[in-house]
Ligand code: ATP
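The chain that follows stands alone, in the form predicted on its own, written as structure tokens.
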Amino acid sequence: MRRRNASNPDLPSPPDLPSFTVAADVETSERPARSGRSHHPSHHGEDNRHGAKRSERDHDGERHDATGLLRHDAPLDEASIDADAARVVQRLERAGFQAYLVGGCVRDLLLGGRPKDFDVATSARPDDVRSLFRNCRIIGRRFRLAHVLFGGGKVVEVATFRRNPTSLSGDGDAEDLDDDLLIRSDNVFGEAHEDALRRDFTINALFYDLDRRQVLDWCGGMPDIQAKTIRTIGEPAVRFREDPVRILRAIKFAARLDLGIDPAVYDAMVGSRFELARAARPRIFEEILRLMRMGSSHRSMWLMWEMGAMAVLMPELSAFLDDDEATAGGSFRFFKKMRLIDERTRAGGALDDIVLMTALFYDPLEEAAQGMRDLVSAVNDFLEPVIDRIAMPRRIADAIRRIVVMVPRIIAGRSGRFTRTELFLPALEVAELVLASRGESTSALEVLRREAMPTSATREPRRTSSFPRQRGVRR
């Protein structure tokens, strides 16, 4: 694979890390036991579960004993912790269950960022959670999760501890590459340390104990937070073959959080990239959108291109970027457009999904339609395999078809009847990105924007995703 220059002076400087100390051992018996907390409910029936809850309240000091746990004293800024999520954890603990903040929120707080979601992992079963919270609903058929609902549309997701349903537990042998490792069922309850071990990357497997103000680390995530490095839990090739979407998640975390990728992990990403063709297509589409929404599309798309994932999922775009000579600097224009998207996202929030996907494919679409008498047919021929490969929703594909026809007319000053359509403003945004990526003035488009948008109108903040949250997937 051809290597490209990875330098990018526009990437943000690394965030400052909070200070923390690492416990020398896993002994916790010196800490006074508190009543009202349990080790973990048993997962072998209702009677055993409630009996275990009662008997273990007096053995808090032995919690997670002999599980390889390291406790890190890392008091996070309480003002940065969502108060509703903290209340969920505290009520579960008072009821005798284990409960921790987990995953992305712990990772982001340790890296000095602002978490998008606060998720909770607990020993309580979904029905136990529902019995404790009137504002709770149970969702999911494959694996049930509890959503605790708060004002303003806020959702705190509460998941029961799970374990890896395979016998690999992250330490499988990747030598037999003919084995089908793809996880098709993940519906097995477990314990806290098993839940940590089944996660994808060490930095996502950290649990935060609100009461003790400690980070619980079974997988070596804290040293990787400190080193700002992405490593898988267990053998990288096995982890990516179990769930190929983890390749895109690694790219997302590296780009959004400005993290390095461990060399063995990167090599496994390259070697496993063709497995992406076997992944669930709606998940692929959603992950591509997440790469574009977070203000890090420049680095995300560069990493996808560099390590070959783009050639698997979006070969039309990859081929366009590969042939820089034939496209007269097309890769430069494309990555400049990605940088402009990032600047706008950081300034005003994520752009509309239609704008993002049209901007992503605009350059190869324009090339494919060049010189064609039937522009609509050329665009359709380009988009149909893309729709099938990444499960692009028809509403977005239809909007792209119309906008690609509108943008050249807008740039040429011949908007005409398009100004009265609902897609005119998204098309105007795409046209601005196209002109700016070419180094051309966008002042004429500003006039069109003012004419098309009432002076009193303000851009409404949009949700991070216009799609349902992926159930059970840790961000």
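This one's a predicted model, so the numbers in the text were calculated from it and none came from an experiment. Throughout, we count residues from 1 along the sequence that is shown.
The discussion below concerns the form predicted in complex with adenosine-5'-triphosphate (ATP), not included here.
In short, of 308-316, 347-355, 258-266, 116-124 it is 116-124 that has heavy atoms within 4.5 Å of adenosine-5'-triphosphate (ATP) in the predicted bound form.
Just one of 241, 337, 107, 299 comes within 4.5 Å of adenosine-5'-triphosphate (ATP) in the predicted bound form, counting any heavy atom, and that one is 107.
Put simply, of 382, 362, 253, 320 only one has a heavy atom within 4.5 Å of adenosine-5'-triphosphate (ATP) in the predicted bound form, and it is 253. Contact check for residue 204: a non-hydrogen atom falls within 4.5 Å of adenosine-5'-triphosphate (ATP) in the predicted bound form. A residue is said to contact a partner when one of its heavy atoms sits within 4.5 Å of a partner heavy atom; residue 217 fails this definition for adenosine-5'-triphosphate (ATP) in the predicted bound form, lying far away. A residue is said to contact a partner when one of its heavy atoms sits within 4.5 Å of a partner heavy atom; residue 249 meets this definition for adenosine-5'-triphosphate (ATP) in the predicted bound form. Remark: residue 283 counts among the residues lining adenosine-5'-triphosphate (ATP) in the predicted bound form, judged by a heavy atom distance of 4.5 Å or less.
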